[in-house]
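Consider the single chain below, provided in structure tokens and representing the form predicted alone.
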């Protein structure tokens, strides 16, 4: 199959392209760096010509809800319109597990807007709601650090490895459209504060963590709001295995989708 990966030069995009190649499919990397801009549509029609499926793993870096929603909304409309012109048979969107609960998180607002558009714009679709990646807790702690102190939420989550997520996306993209949302998460429930502390210690980064809901995530994400449902697809690599793996202690981008 010919699979276009929008955001193909990013962390998940690169691993997804590799996973598609290992499975015998042809991956097309689409990104602004390569001359394709899904926000403006520049280069998009040529990039999608002959594509069987599209996987959208794009991201936007902003803390302003209006900016995030505008970017995701405009880009998704532009991308889906180009897919209809090209006759693409399957649109796969990477979203976030628990996105319905994070009402005040800008990134989640953008993802909800994307999901709504994907479901009504006429291209056969599947939405993959994924848990956070293993290095997300430490990335979050470093992001909010002030003077050696980081206020982080005592969030329960079931993180997964980037390579496991890429493998799932490759399988979904090369399968039939489900016209539904599916969930994917790691094998174990973990505590964000504990994961952040252990990752930072492994990296030799001293930082005092203060568990609190007064920060990036509010009480609407407490309890089991960020955990997968009974029918979620669970991947194999645990946090302990990830932390012990070669290169795992190097600073990453956290995969904060």
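Bear in mind the structure is a predicted one, so any value in this text is a computation, not a measurement. Residue numbers count along the first chain shown, from 1.
The discussion below concerns the form predicted together with a small molecule, not included here.
- The stretch from 141-149, 80-88, 127-135, 175-183 that comes within 4.5 Å of the small molecule in the predicted complex, counting heavy atoms only, is 127-135.
- Under a 4.5 angstroms non-hydrogen atom cutoff, the small molecule in the predicted complex has residue 95 among its neighbouring residues.
- By the criterion of a heavy atom within 4.5 Å, residue 189 is excluded from the residues contacting the small molecule in the predicted complex.
- Although the partner is absent here, residue 199 is not a contact residue: none of its heavy atoms lies within 4.5 angstroms of the small molecule in the predicted complex.
- In the predicted complex, residue 61 approaches the small molecule with a heavy atom inside 4.5 Å.
- Contact check for 33, 39 and 72: all three have a heavy atom within 4.5 Å of the small molecule in the predicted complex.
- When the small molecule is considered in the predicted complex, only one residue from 53, 195, 57, 226 comes within 4.5 Å through any heavy atom, namely 57.
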